[in-house]
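Only one chain is given next, in C-alpha cells, and it is the form predicted alone.
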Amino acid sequence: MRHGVGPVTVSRAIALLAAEGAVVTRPGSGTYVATRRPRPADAEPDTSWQAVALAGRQFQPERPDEQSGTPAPGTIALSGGYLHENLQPTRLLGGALARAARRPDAWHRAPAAGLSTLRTIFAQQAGGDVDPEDVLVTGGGQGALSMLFRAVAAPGDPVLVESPTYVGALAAARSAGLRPVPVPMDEHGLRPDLLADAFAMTGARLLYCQPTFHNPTGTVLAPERRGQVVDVARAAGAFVIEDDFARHLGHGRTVPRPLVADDRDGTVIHVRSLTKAASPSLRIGGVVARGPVMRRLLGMRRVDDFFIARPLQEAAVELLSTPAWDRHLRTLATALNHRCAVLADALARELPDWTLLQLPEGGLHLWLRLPAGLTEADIADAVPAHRVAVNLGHQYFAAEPPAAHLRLGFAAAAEPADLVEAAARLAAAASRPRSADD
C-alpha cells in the first residue's frame, strides 16, 4: 500500500529478484534477502547450487559399463559392445547414405511411425503374422528400451529381468523409476518355473529378456522354454520386452525365431536394432507392438522427438535392400566365430582356472567366472597397467552377484592376434602380487 502497487506487481517483482539471486523464497515460510558472497571476476563457475535444485530427482546419467577416462595408448579393448571399424561395412554404409541423400524427398518430414518401406522390412524380419502397422521405427535399441520402460510401467513398479542381464537395460529401467527384480538363468536360459514365482511374488507386469545370444552370457533360450516364458507372462497379465539386439550377430548357425513371431495377443513387445551389426552411428531400430501399447508409443514419439531423421531411415532402407548386406552378415558371422574361438582358446591356455561358462554361438562376448580368491576389484586395479580393458561382472546383476565375473568382448579389438595378446596381459594382471590391504 505504501508504494501504491497491487499484489500482482509485488509477485512479479519478487520473482524477478529471485531470478537475479537477490532474494530466496521458501514456501510456507516467506521471502528473505539472499546472502551474497562477493565473487572475483576471474572466479571459476560454481554449479554447486544444482545439488539443491535437483534433490529428489533421481537419475542415472551414465551406463555403468562405460569406463571413464581415455585408455592408455596401446590398450586392447575386450570391453564395449560394438564392432571394430574393420568389421563394420563402412563402404556399404557410405554408399547407402549417398543414395539416400540423392532422393528428392530425403529431407522431407518422416511419418511418426517411420517410413513404410522400413517398417515393412522389419515386419518381414520379425516373421509370423507381424504387419508393418505393428512396427515403430526407433533411434536404435537403447532409445527403444528407454521409451518402453516409460510407456509400459509406472515409477516404483517392479520389472523382472534375467540374472545377469544387459547393463543398459538396468540403467534405462532405473532411470524410469522402475525396480529391477532378478530371475535366475541356467545354461538353457531363463527358468520359467522361477519366472512364475517372481510374477506371483512381486505382482510385476513386465519382463525384460534377451532370448537369443543373451548379453552377457551368450545363452539362447531353449526351444521348449520359449513358449513357456510367453505363456507364464500372459497368465500374469504381463508384457514381455524381447530384446533381439543380436539377431544379426550369429556365428553361422541357425538363429531361432523371435518370440514375437509366435505371439498373436500382444504379450511380446519386440525390439531390434541395426546398430550392432553395422555401426554405432547407424541409430536405427524397430519396435514391434500390438494393441493399445502401440498407440501409447506413437503418442510418446510425438511428444519426445516427432520422428526419426528421414535420411538415416532412407539409408537403412538402402542398406537392407541390397544383396551386399546379406554378404556382409555372412562375412561378419565367419569373423565373429573365428574371433570367439581365438579368445576362448587363448584364455584356456593363459588362465586355465578361469571358468568359461558357455561358448556362445552368437553375440560379441564371453562370460567368465573368476576363481576363488580373485576379485573383480583385483582385476580392475591391475588391468590399466597391463593395457587391457574389460567389463566387470557385478554391473550385470540387478542384485548381489553370486560370484565374481568378467565380460570379455572379442569384436572391438583390431585383429584376432590382439585377442591372444590380451589374454596374456590378463594373465599377467591376474598374477600381480596383492598386498594384505588389497
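Quick caveat: nothing in here was measured; it's all calculated off a predicted structure. Note that residue numbering begins at 1 and tracks the sequence as displayed.
Missing here is the form predicted in complex with a small molecule; even so, the following discussion is about that form.
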Of the candidate stretches 203-211, 310-318, 226-234, 345-353, the one with residues having heavy atoms within 4.5 Å of the small molecule in the predicted bound form is 203-211
How about V159 - does it come within 4.5 Å of the small molecule in the predicted bound form, if we only consider non-hydrogen atoms? no
Residue-level contact is defined here as any heavy atom of the residue lying within 4.5 Å of the small molecule in the predicted bound form; does N215 satisfy this criterion? yes
L145: touches the small molecule in the predicted bound form, heavy atom cutoff 4.5 angstroms: yes
Within 4.5 Å, heavy atoms only: does S273 come near the small molecule in the predicted bound form? yes
Between the options R301, R150, R247, R283, which residue brings a heavy atom to within 4.5 Å of the small molecule in the predicted bound form? R283
With the small molecule left out of view, which of P192, P258, G140, P89 would have a heavy atom within 4.5 Å of it in the predicted bound form? G140
